[in-house]
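As structure tokens, one chain now follows by itself in the form predicted on its own.
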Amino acid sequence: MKVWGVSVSYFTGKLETYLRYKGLPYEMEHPFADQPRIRKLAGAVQVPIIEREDGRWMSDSTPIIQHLETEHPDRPVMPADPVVRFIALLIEDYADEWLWRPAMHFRWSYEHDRELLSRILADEITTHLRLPRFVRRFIIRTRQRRGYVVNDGVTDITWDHVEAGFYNAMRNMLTMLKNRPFLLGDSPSIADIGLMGPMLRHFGQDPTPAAIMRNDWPGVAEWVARTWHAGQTISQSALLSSVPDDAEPMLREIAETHLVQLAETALAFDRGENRMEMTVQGCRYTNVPVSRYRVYCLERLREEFDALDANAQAKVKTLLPYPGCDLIWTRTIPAQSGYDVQRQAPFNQSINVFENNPVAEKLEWVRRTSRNEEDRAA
């Protein structure tokens, strides 16, 4: 298969970790010089995207992995126990959606990281542009910092809390890794694969967080290398049949951060808003984008929970006794993204996962049009 991706990409690293573990050969290509064709066939130009030999396209790392598991059942990353599987998927969702903010912050807020990554990305994704390299680097630095840091709620007020997300994730991982080589067993689960997105390609490679991990949290650095190399060292899957007690700090952190963000996002999306505010662990975030895709993530978590039998659901509730966790099993907060309604992912026409609320965008267009009409009338 051909993987359209980028060598320093969060989700490309996650998918590559999975493909390496499963022993699935692939070729890497950079998509941005072939944007019209990819947009037509896959729906959106974002990495990673898989182009298969049979002509089908797959996008969105989680559905891609879930589908490939059905085609390649050896050494599964999905735990057989339904409760462990649900918790593993919850950890993966947290890695995908909550740790994204600190990962982008460390990459684009610190000058040394920003300079290095702009050089790498300029050479990987913008060579098709007929512009001097320094101009392409400037465009990347400006776009990434503005779009994924300044406009994602990272301010002087939230700075320390954003960085604490990185430290808390490593601390909670090590609590689990003291007792086994991987989070949920003696082989990688989807939880490990998900956490490799931020831990491999951002925190483990970008200069500032990589130095912190290497010097202060070497156990996490060892886990990154172990997970990346697991395909060559592990012959069969060995995942736990119950959720270990040492997962409690990780689950508490997820409840206090990721689930709060999902709740506020779903509420704001339902109100037709483009931006929102949220208070996470006592820290007030303002002007955060309302992500339609995160509403979809909540929908999928609810579907995974609904698929459990009554006994498994009761066990999940016992594991998640924290305020706000009932977001998953109650419907007091609506979650209707309108995305992938037929559940065809990863073969559906994807959207830009950072796309804001389409209803709000339409309303804003109406407001702008009305103002323009009023100005012309005046």
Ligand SMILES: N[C@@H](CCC(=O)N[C@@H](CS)C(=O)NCC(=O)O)C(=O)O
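Note that the structure is predicted; figures quoted are calculated from it, not measured. One rule holds for the numbers: they count along the sequence shown, beginning at 1.
There is also a form predicted together with the ligand; it is not shown, and the following applies to it.
Engineer: In the predicted complex, does Ser61 have a heavy atom within 4.5 Å of the ligand?
Structural biologist: So Ser61 counts as contacting the ligand.
Engineer: Spell out, yes or no, whether the shortest heavy atom distance between Val45 and the ligand in the predicted complex is within 4.5 Å.
Structural biologist: Contact check for Val45: yes, within 4.5 Å of the ligand in the predicted complex.
Engineer: Report whether the minimum heavy atom distance between Arg143 and the ligand in the predicted complex is within 4.5 Å.
Structural biologist: Result yes; Arg143 sits at the interface with the ligand in the predicted complex.
Engineer: With a 4.5 Å heavy atom cut-off, would you call Tyr21 a contact of the ligand in the predicted complex?
Structural biologist: No, Tyr21 sits far enough from the ligand in the predicted complex that none of its heavy atoms falls within 4.5 Å.
Engineer: Considering the ligand in the predicted complex, find the one stretch among 341-349, 328-336, 53-61, 315-323 with heavy atoms no farther than 4.5 Å from it.
Structural biologist: Stretch with heavy atoms near the partner: 53-61.
Engineer: Taking 4.5 Å between heavy atoms as the contact cutoff, choose which of Phe305, Trp217, Tyr293, Trp228 touches the ligand in the predicted complex.
Structural biologist: Looking at Phe305, Trp217, Tyr293, Trp228 one by one, just Tyr293 meets the 4.5 Å heavy-atom criterion.
Engineer: If you apply a 4.5 angstroms heavy atom cut-off, which residues in 2-19 are near the ligand in the predicted complex?
Structural biologist: The stretch 2-19, when checked against the ligand in the predicted complex, contributes Ser9, Tyr10, Phe11 at the 4.5 Å heavy-atom cut-off.
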